[in-house]
Structure formats: C-alpha cells, structure tokens
Ligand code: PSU
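Given next, in structure tokens, is a single chain: the form predicted alone.
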Amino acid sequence: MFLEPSRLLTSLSLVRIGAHVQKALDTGAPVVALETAVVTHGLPPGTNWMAAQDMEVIVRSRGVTPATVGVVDGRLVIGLSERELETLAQLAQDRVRYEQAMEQALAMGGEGSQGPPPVVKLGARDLGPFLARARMSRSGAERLRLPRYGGTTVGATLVACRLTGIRVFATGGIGGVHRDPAYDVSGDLPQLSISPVIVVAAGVKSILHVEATFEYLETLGIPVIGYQTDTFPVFYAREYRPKGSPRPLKVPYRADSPGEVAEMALAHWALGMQSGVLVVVPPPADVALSWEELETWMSQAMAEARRLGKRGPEVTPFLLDRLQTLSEGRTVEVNVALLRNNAQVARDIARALYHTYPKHLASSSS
C-alpha cells in the first residue's frame, strides 16, 4: 500500500523543519512563512541578504515566528537558520557569475556548459524531482553533478505551508498570467487555489497581464482583499489603470485591520473552501512608482526579452533585472520597502488569528 504523505516524507528524509518553527507549531504559536526565490533570483546580491534578514526581524518583533523556506543541501527546509539563509544569499552572487560565464561562452560559439548552476529557482512542480535527485545523489545512485540549493517560489512555499499547517505567508508579489505568451500562467495560481493560507503580497507582479490574472483569481475561487485600500496594487505601483479606463482596478473586498482579514479568511474556510486568501497591500507611498512610468520601462524590457528569445522561468528574472537598470535602481528600492511592509502586515494578521481564535486555526495541518 502506498504510504501516507507524512510517513513517506519521513521515510525519504525530504523535508526538515527548523527547531524554532517546530516549537511554534507544537504550541500553536503564530508563524509566518517567507519565500526565498526573492533571495536567490529576485533581488541583487547584498540587497537580498539585507531584505531577508529585515523580514525575519520584523516578523519576530512581536512574538511571531518566521519560517523562511528554501532548499539546502538537497532538502526542503521549513525554517532556515541564519547561516542557511546567508548561504542562499551568497549563492545568488555565484549564480550571477555563472550566468554571465554561460552567456559569454554562448556568444563565442561554445556550448556554454559550466556544470550545474549553484542555486536554482524552484516552483511547486520542481520540488519532488529536485529533492529525489538530490537524495539519489546522497546515496550514490546518481553520479551526475547536480545542484543542491534552491530558492522557493510562492507556489513551492505554499507546498511547505500545507505540509506544516502554516496559515500566513508574506511575499512580494504573486505570479499570474503573462502578457506574452498569454498561455504562460504561473504555477503560483493553482497552488494558491488548493492552499488554505493567507498570502500577503503587493498584488501581482507588474510584468504580468494584470486584468487576466485578476479574472483568473476569481475563476479559481481565491478571495482578493485590499488591505486599507480599495484599489488593486501591482507590485511597484499602488494602483493599476486598465488601458483606456479613467478609473483604477478595484478590489472586491476591503479590510482595515488584521482582525478583519482573520474574520474573512476564517469564514471562507468555514464554508469548506480550501483555497487561499490573497491580501493585497500597496507599496509604501513614499517610494512607489506611477503606473505610467512603470509601463514605459516595461514595454522596453519586454521587447528586449522577445528579441533575446527569453521564455518560461527565464522571463521574470530578466524583466526584473532590466527594470532595475531602466529605473536606475528605483524598482529595487520599492521591492525592499514592500517586502518589509508585507512582513509587518502578515505578522499582525498571524497575531490576530492566534489571539482571536483557537490556536489550531493559526498553525494547524490542513
């Protein structure tokens, strides 16, 4: 008979839960999950380490436990240690050098083979095969040189939330429907549709087809709640204006306090819904970009991506890097500010769940 998932995980040694996270889960204390794709692929080296540390400090500042998720030495770790998080941040710098060497080799007519990348970006679909290959490598059955470190996307981090019962997750922005090609849909969305987790984000990434993503969220039954806002933010900008429309895109529901978010989420799950709840928080007004200037840079970056033949997982890191250059670093400033802000909102929502409802609702197995 096929093993139950929990027994199978134990048997295969695929997952490790940090001691600080396990203690919080055992006592029903509030926990906030954090992802690491932003560390390995989303922010430039140096800034990534600072932002990751800041988010953990913010979450911890009011008695909430941060559970930063990543793949370290071939295992999915839910609750990275400070040293493990620093390792992932350092490997991001190695990744930049690795990719530059690959591009130079290809430009000179070579095959570009530089061995395995030092760290990879892992979505939900990647976790099983990646961890299995790493496990075979440990046992000596696999003799290929394989990467053993990875940053988890929103979708992969939601898998970790389901495994542990973590109910609140802070990130920058979720993936969605791409502009070109339109059939390129992020794996974040289907994972959000099956994960009973409150995801706090600055809306969807501005590189996406915002309206299509907004409609897809409705199709999947994922409530969208504006936190102290009536409009739908798009990562770097506080609001999105559909082309030809004089009004910004509105959110269907608004909450002005962590307690209101907790009430809405609990009611959603009490009805038997298993999907997550997306709480969108505008980036801080003092650093946010206007949609108009952002769209100008976006059009240029997307044209370059098409010319270079960027596809699939390559697109998002490329566009974010180009936006950083075109904006003279302003997009990185906004990114760091919204990550800190989202960590604070998620922390307060986790506390509201913990203090208002029975402990097993804040951190329990789904």
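Numbers follow the displayed sequence, beginning with 1. Computed from a predicted model, the values in this text were never measured in an experiment.
Although it is not shown, the form predicted together with this ligand is what the next lines describe.
Using a 4.5 angstroms heavy atom cutoff to this ligand in the predicted complex, none of Arg16, Thr65 and Gly70 count as contacting. Contact annotation: Gln191 falls outside 4.5 Å of this ligand in the predicted complex, judged by heavy atom distances. Residue contact check for Ser327: none of its heavy atoms lie within 4.5 Å of this ligand in the predicted complex. This ligand is not shown here, but in the predicted complex it comes within 4.5 Å of a heavy atom of His178. A residue is said to contact a partner when one of its heavy atoms sits within 4.5 Å of a partner heavy atom; Ser186 meets this definition for this ligand in the predicted complex. In short, of 216-224, 152-160, 264-272, 250-258 it is 152-160 that has heavy atoms within 4.5 Å of this ligand in the predicted complex. The single contact residue among Val38, Ala51, Val59, Leu34, judged by any heavy atom lying within 4.5 Å of this ligand in the predicted complex, is Val38. Lys121 is the sole member of Arg133, Arg241, Arg95, Lys121 with a non-hydrogen atom lying within 4.5 angstroms of this ligand in the predicted complex. In the predicted complex, just one residue of 201-219 lies within 4.5 Å of this ligand by at least one heavy atom: Lys205.
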